[in-house]
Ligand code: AMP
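So this first bit is one chain, no partners, the form predicted on its own, shown in structure tokens.
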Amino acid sequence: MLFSEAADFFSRIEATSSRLEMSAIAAELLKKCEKEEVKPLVYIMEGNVAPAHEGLDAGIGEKFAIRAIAQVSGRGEKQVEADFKKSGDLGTTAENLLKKRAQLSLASTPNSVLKVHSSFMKISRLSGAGSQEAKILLLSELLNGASPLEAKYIVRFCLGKLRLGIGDPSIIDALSMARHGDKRDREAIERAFNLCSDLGEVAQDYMAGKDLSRFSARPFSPIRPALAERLPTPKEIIARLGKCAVEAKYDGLRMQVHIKDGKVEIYSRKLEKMTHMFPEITSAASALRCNSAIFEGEALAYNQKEKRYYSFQETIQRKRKHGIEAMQRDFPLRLFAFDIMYLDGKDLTLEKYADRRKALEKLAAGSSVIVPSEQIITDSPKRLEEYFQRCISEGLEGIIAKDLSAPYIAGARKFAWIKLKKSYGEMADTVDAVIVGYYLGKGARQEFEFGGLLAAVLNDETGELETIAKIGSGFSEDEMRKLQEMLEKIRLKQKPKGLNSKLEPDFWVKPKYVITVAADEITLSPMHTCGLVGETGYALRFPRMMALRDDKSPQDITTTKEIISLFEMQKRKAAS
């Protein structure tokens, strides 16, 4: 398939805001692909050159992209920059200037999908002396053989700003639609994706007709983490689960540890490799008695002398690229393992939780760094309440109750796990939201170019982000400066695609940074679009930022469905 044909489909996808229509257009595209083109094309639609956990990045800075566009279009770099200032999108600038090339292009052949992806892979692997010039050359070669529309998407891809607006859920729907015309295989495709976090590979297998029900977990392909539902009282939890395991909920760094034949990799909640950051965890994992394993836990910095755990804000300092030895000395970690999904060649995700827990305890026996999470087994609301209060008094977040007979449900929020956390006002939990815009400082904050945030949650049925809070408190002056610097780098000239907002901040930003927000309660509001029915949505009353969550991605944020559930819990709590 020529990349020009794929670009035509990309243009159609970009032109619609309907998630269903996006999937239908993508399905058309996938049906036209050869088998070997499915995987790279899915990666490109995701905006990646490979699965995100492989850490490959075809990124080229704007000034280097400008040089490549200038070379191919026959314009000077200043002319390219001038057009970029008008368009606000370097991809659109490439399209504009290649429509009216000042010189005939050098001899070239049209770009195929495989050629474009192969070039992106080469760009992502270049490093060291001369690498930038080599990247510019590869980009120039692609642009030389590209139509103006192709050039638009090639440049956007290299800048990490493809802007199609199509996410993994829509691509999963498209795969099923490509084979059947409907979404009948959505669940099977999604389960396979959740077990390996590689949608390109799953798509290739699926379009080749393979049986995805046989798909299993495997080391070094991170499993998308299971998530917990919420209930407001111990009584409701026991009514739902009956006799269950109740574990302490630690506020630390969630880690997924993979082991095979002596090799260890550690993945973050966002499925990024972070093995080198935590040598004590890596060393302890390599000493475990197994040939292969995948397990997960929550790592907290621990003060052995004072016998206390550090806060999340202190623990998060361990997530760094440099100064690791000093931080390891000051904030040594202990990993509280709470589930195991694979052991010595066997996928355990379909096993009962009670059996997985036994396997985990046996694996971790004898380790002082990797220890099973604290746990009780009970069917008593009173005992659960007592344990919950004890955990809170010890500075922990709360508890997680687990269905003893449930499988590991990767990538989904189900009532197999139920969390109970300390209350924030009338709210049963904090909210994780993504920043979509910010405001300039006013009054006492006039010295800052930062005065507050506009934050959104995810409607996972429509795929849209919906605003829930305008946040003006919870940050120190240092945090305000840091947020200003971070957000200036990701400003957008227009509202992000896929965001539903009635409000308009001083500056829109790319939805990238996740924050944890506390509030007094959830209220009905005509100003915000979360769960909008008619003119009324949901909003956070007196919201305040608790923390910037570097360990979470926009895919991990609170959903509209969860906000509505929290609102209903709040009403039940008020009634009682």
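From a predicted model like this one, the values you see are computed outputs, not experimental measurements. In case it trips you up, residue 1 is the first one in the sequence shown, and so on.
Here the subject shifts to the form predicted together with the ligand, a form of this protein not shown in this document.
The candidate site formed by Tyr250, Glu298 and Ile400 is fully in contact with the ligand in the predicted complex, as each residue has a non-hydrogen atom within 4.5 angstroms of it. The partner is absent here; in the predicted complex, the one residue of Lys352, Lys115, Arg413, Lys470 having a heavy atom within 4.5 Å of the ligand is Arg413. Contact with the ligand in the predicted complex, judged by any heavy atom within 4.5 Å, is made by just one of Gln204, Gln256, Ser373, Ser197: Ser373. Contact check for Arg19: every heavy atom lies farther than 4.5 Å from the ligand in the predicted complex. By the criterion of a heavy atom within 4.5 Å, Phe338 is counted among the residues contacting the ligand in the predicted complex.
Interface residue remark: Trp417 is counted as part of the site for the ligand in the predicted complex, having a heavy atom within 4.5 Å. For Arg318, no non-hydrogen atom is located within 4.5 Å of the ligand in the predicted complex, even though that partner is not displayed. Look at 486-494, 280-288, 400-408, 136-144: in the predicted complex, residues with non-hydrogen atoms within 4.5 angstroms of the ligand sit in 400-408. In the predicted complex, Arg269 is the single residue of 255-279 with at least one heavy atom within 4.5 Å of the ligand.
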